[in-house]
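Next comes just one chain, in structure tokens: the form predicted on its own.
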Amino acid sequence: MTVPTRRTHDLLILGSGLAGLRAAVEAARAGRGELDLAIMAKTQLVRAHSVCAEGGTAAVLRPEEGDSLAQHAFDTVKGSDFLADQDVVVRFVEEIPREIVLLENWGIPWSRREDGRIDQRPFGGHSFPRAVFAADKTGFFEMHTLYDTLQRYAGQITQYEDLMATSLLVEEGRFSGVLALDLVRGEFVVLLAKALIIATGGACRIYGFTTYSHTVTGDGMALAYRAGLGLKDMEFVQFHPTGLVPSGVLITEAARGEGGYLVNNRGERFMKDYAAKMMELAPRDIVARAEMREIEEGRGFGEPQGLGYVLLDLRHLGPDKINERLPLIREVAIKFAGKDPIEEPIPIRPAAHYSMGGIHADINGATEVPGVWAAGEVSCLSLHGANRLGSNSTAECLVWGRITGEAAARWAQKEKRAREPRRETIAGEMERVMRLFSARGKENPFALRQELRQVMDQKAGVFREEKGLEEGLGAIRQLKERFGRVGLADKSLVYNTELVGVLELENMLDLAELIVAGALARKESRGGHARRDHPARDDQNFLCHTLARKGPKGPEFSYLPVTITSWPPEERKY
């Protein structure tokens, strides 16, 4: 086995989405030219899934018009079904307005009101129109603004692209580096660093019908889990109410924020029966369940590719508003469904969209391993609890990108040098990957991936129940056993997309097991976790966070208290 290339930096940022780029900018600012920084991604830096965020970023900008930090915090806590840690929520709503102004100063083209001020639109679960936006390409413009800003510090930051992390090097509870596969050169690289920020995003590609890019396979979560870090609240998966049928491409919540209607096959705006006050702008968990009930009870439409659906009607908004506020949605609907929303409604149904759970981290984004932070969707602080409000996710990436970037930079400035991992640790991790080349198994990894997604769609979707979860868990564990018989046809290390797919599948299988096992253990309905056999929320037994660790026979669970400072749990009414 060849000796891996070794490179050393003060701070390494794993992931280049909104959280990773914001962390890189802040670390460079805090380091004042004194730190050797690096950011890496398994694709190109600006190909991160964050560019797919469409609708907006939540922030209180109009207190003189009736909004307030306290109201944003309460909306978030209530939306979370009271599982969010309230100290985290308060810090979040206080920090995000400054991030909006910073992006403004860095040149983002926010959409404007007629008076020239930054515009805001309504989003589900928010009691005030506080989603700041750039048409319906908000994530795209935020990403490019941060990437452009990062170029000011180009001399301080090494950018690694097409580098796939295969292992976190953690020994005796201390971090030393990351083992990665350089896909271009076909060689292993050991990246040593004093500090690490994990910002690799979510895991929703483990589902078949999802809004997520094909690269979003939970890599950072899985690497942390195998390195001994705890993952928190993984059973809570958000299903976005408007995934385009049949592709799953996201139709932003802004389409409803701008006034779109959800209608069934009777032409009824059915949300009147589920959330009479907020209608289409109820929180996502409530709208997704309402849509599924309409479909299951025969008030939906046909099943292209087995997908029943309802309709999102934008026609009454008129061509001018659609073209100004929702140009991407019109383009997507035409290209991927053959529907021009100016002329006809769009077919939609709930799609796996967001991981509320992630790497267990404190209010500063610090993990259990000294020198390691987590930011963005890969982390669980817990800001979103059991259900995230739309437009709070990009906001979280910005806030904790800044917080972790500064904290990790300070840590790196104080540490004398990066720790040196044991040679046998590196060799063992390389052997784990290389073993795939000598395997003689006949299992097709792409078939296993497809089977996994079918299991997750069918057994751990919008509605869950004990029998289905038990069947799903059994099926996932069978897939994990079959994974041991996967072989590689491509024997090269250079741009071996088959190898990348197998490594991603390993990550996905670990996380799917966590999600389903955690859902089976939580015998209640709360936010994005809806049990048909336990339809009520159970604060007496389950007002707690689930903490999962890797054990010798699978995940081992314990529970942590929820931080409640101002708002005791109450019934959610919308």
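All of these numbers come straight from a predicted model, not from anything done at the bench. One-based numbering along the sequence shown.
The next section is about a form of this same protein that is not shown, the form predicted in complex with a small molecule.
Enquirer: Report whether the minimum heavy atom distance between G376 and the small molecule in the predicted bound form is within 4.5 Å.
Expert: G376: contacts the small molecule in the predicted bound form.
Enquirer: May I ask you to state whether G55 is within 4.5 Å of the small molecule in the predicted bound form, using heavy atom distances?
Expert: Yes, G55 is a contact residue.
Enquirer: Does the 4.5 Å heavy atom contact test between F188 and the small molecule in the predicted bound form come out positive?
Expert: F188: no, not in contact with the small molecule in the predicted bound form.
Enquirer: Is R388 part of the interface with the small molecule in the predicted bound form - any heavy atom within 4.5 Å?
Expert: Contact check for R388: yes, within 4.5 Å of the small molecule in the predicted bound form.
Enquirer: If we take heavy atoms and a 4.5 Å cut-off, which stretch out of 229-237, 318-326, 212-220, 169-177 is in contact with the small molecule in the predicted bound form?
Expert: Going by heavy atoms within 4.5 Å, the stretch is 212-220.
Enquirer: Only one of L509, L35, L547, M40 comes within 4.5 Å of the small molecule in the predicted bound form by heavy atoms, so just point that one out.
Expert: Looking at the other structure, the residue within range turns out to be M40.
Enquirer: Taking 4.5 Å between heavy atoms as the contact cutoff, choose which of A337, V77, V502, M164 touches the small molecule in the predicted bound form.
Expert: If I apply the 4.5 Å criterion carefully, the residue I get is M164.
Enquirer: Taking A48, A199 and S393 as the candidate spot, are all three within 4.5 angstroms of the small molecule in the predicted bound form by heavy atoms?
Expert: Judged in the predicted bound form, A48, A199 and S393 all sit within 4.5 Å of the small molecule.
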